[in-house]
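This document starts with two versions of one protein chain, written out as structure tokens and named structure 1 and structure 2.
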Structure 1
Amino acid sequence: MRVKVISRSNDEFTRERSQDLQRVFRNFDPNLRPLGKAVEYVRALNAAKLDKIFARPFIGAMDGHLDAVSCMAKNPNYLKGIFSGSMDGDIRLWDIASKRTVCQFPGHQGAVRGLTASTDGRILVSCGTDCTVRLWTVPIPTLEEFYSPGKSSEPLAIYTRQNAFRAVDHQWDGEQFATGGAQVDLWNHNRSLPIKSFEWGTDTILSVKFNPGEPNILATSASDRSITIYDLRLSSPVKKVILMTKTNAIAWNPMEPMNLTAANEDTNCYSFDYRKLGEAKNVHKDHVSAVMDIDYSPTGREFVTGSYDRTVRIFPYNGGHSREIYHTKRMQRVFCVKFSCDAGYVISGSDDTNLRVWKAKASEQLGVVLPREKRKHEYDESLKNRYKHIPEVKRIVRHRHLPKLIFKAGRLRREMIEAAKKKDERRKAHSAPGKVVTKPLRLRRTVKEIE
């Protein structure tokens, strides 16, 4: 007769220190736990509900401007600093942690339309409707030591041209920056005249952005509904695509530098591969009014948009719909948005003269997170991801409270799109086969590509 004996060694179960956790052996055979899936489903449901309970995205507002905030820029050398410019010519450097002004840069006689900082964070470049480009020295990062209320800075240099400027951007690696207005001008810190100028048409340039991976590639959008690609090594523009409506802002994906996303006047955002501008890679919908500004997260996995409909939305880089929407009763038209350099926060500037700071993840816990809490959050996220297709979990995760005006405008827009779709289907059904060709939205919004 064979007898089975359970034998255990004391060395495997004895703790070396009193603080050590007691070792436990577990059998993960699913047959021993017939209710394991049901328990996990309930945990996923509770995790989705707790996310809604703890969703407090708004952190605070930074008040100080006397007119609408028109543009913003991040300081690459200092995590907590952000620059903002307003329609009355005021430029400020803010400390996000303390929500106060560190330094002011007075001088512009009209609206400030563009701000950008050099790669080392020491030079700030601003441009505006007063036809000037100004270079400023940025205070050193130890902001607390040098803070004094009302402190201001004098410009290092002032460059004047004949036409107003609408946008400016600095190279990611180098000493050159580009401005947009009646034409695209390429500047150097040490020269008072542009090194090079580009023209393609006679319309106003609305936004200028350098490619993060290739310092000599530049993208612009103009009021003639075009998006143009420039190569600084050539004497003329490379290519451009004309859309059905104009593009207000452009942002490059920092992790995939061949891709750019355009914030369009038709309430959508369009992602393009700049090597093939004739077709959009993705269409990002949800806004109900013109999208005014866009900025990518440093991770490249999502981007934030600000719209004329008074909302801020966060989209996944490859998703058609937003994962988050932020709004307040007092926030007016949003003209500029930025992700913080650590991808943890979103800053928005609006028509009501305020800058607002939001959490990138609405239910994220601020402050010190213990290792045990971190593991719990990661476990909850994995559960929600596993059961995201279940209707009840999906409904809770997707639900957002919207202002009545936006809810009604969104419903009206969906009805109009559905009506147009039905009209196309009926026209196709009553026409000869092949006569009516329905293009997808990714192709429909593009008029033509010119090289």
Structure 2
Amino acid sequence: MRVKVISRSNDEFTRERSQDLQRVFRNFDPNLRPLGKAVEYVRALNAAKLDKIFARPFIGAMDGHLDAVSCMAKNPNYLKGIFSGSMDGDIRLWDIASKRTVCQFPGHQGAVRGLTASTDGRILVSCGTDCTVRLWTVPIPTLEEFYSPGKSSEPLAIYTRQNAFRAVDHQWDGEQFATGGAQVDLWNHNRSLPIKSFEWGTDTILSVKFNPGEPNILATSASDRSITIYDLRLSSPVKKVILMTKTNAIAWNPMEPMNLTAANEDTNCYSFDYRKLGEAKNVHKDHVSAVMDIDYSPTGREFVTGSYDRTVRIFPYNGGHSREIYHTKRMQRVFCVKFSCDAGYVISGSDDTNLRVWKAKASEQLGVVLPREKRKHEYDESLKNRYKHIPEVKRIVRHRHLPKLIFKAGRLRREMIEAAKKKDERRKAHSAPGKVVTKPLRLRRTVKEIE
């Protein structure tokens, strides 16, 4: 007879010395774990609840400005700093970690309308309603600045023109920057007059943005409700799309440079492919008042918007609705938002003269995350993703507290949209089949596309 019995010797299954790790043996057989699905569901529920418990997105406010913050700029070479300009001409460089002003750039007589940093981060370009474009040198951040705030520097150059400027943007990989005001001007750092001027129509240019992938493509939005694409090599505008309402801000997707998203006055954001401007790729709906500013995360997977309705929302790049909303009683109309360069934070500048720093993921653990903690967070994320359609989990994951006005306004908008939709359906039902055609929302909001 042949016989063998399970016999486990202590040496193989316990540790040799007390400074060794304990031995772990794994058997992934599902039969050893009955009710695995129920346990997973309970874990997903707990993960959703813990997520909400740890959701504290507000980090701090940086105050110092004496008037509303009108524009912000990121310095690509210095992650910790952000430039901000206010409506009374005050430009400051902030250190986000200590929430203090590192350097001030006084000089503008009126509101500062646009701020941008050059590619190497050494020069700051600002433009304002006092018809000037000023260039400043950015001080190298050293330990000294930390202890002597309130340093101010003299402008490198001041260029004056006839009309007020509304926007400025620097080329991603070059020496030129463009301003928008009465027309689009292309400048070089050293010339006091613009190299080139573009014009298509007679309306004010509200915002200017260079394409991150193609250094010669430029998108602008004007007050004739249009979005225009310019090519610097052709030295002429390429194409234009006219929407139903004006676009306040544009942002290019840094990971997919052919896509741009426009923050519109009709509370929606429209994502376009600039090669095919006639049809919006996606409509991002959630705000209840005009969207004032938009900025993409460096991952290209989500973008942040700030709106006139006092909230900041974070949208996924391909989703129709926001995944997160941030609001505070003290934060008034949000005029500008920026996503930090490490995709971890969102900075909003608002009417109440403060810049606020928020976390991009509300329940994220800041600081050094140990590998086991990181694995647990990833596991919790994937659990929530797997069970997010179940009503109990969905209710918890979706829940956000909204200010009363926004909640009511959102409800009203939904009712109005539902009513219009119902009317449309009835119109369709009462007419001959095929006579009434409903255009999708992506197409409905464009008036026409012009080459």
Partner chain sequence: MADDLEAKVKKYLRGEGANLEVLNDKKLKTQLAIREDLYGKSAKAAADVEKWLMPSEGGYLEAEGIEKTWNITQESIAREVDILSSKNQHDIILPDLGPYTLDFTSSGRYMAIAGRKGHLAVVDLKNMSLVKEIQVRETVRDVVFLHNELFYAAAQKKYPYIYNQDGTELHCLKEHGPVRKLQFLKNHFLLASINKIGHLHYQDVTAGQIVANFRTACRSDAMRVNPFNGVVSLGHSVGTVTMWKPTSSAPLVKMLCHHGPISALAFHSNGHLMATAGRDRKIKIWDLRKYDTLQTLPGHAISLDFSQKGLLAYGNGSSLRILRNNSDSQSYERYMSHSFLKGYQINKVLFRPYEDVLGIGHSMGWSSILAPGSGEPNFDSWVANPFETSKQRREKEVKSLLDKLPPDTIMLNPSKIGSFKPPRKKEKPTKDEREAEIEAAVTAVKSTEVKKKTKGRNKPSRRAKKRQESIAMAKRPFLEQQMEEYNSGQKRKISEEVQLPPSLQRFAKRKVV
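Source: prediction; values computed, not measured. Please note that residue numbering is based on structure 1, beginning with 1 at the start of its sequence. Take the two forms, find the largest set of C-alpha atoms that superpose within 1.5 Å, and that set is the rigid core.
Here the chain coming from the form predicted together with its partner chain is structure 2, while structure 1 comes from the other form. Core-aligned CA deviation for Ala419 between structure 1 and structure 2: less than 2 Å. When the rigid core is held fixed, the Cα atom of Thr14 travels 2 angstroms or more between structure 1 and structure 2.
If you fit the rigid core between structure 1 and structure 2, you'll see the Cα of Arg33 move by 2 angstroms or more.
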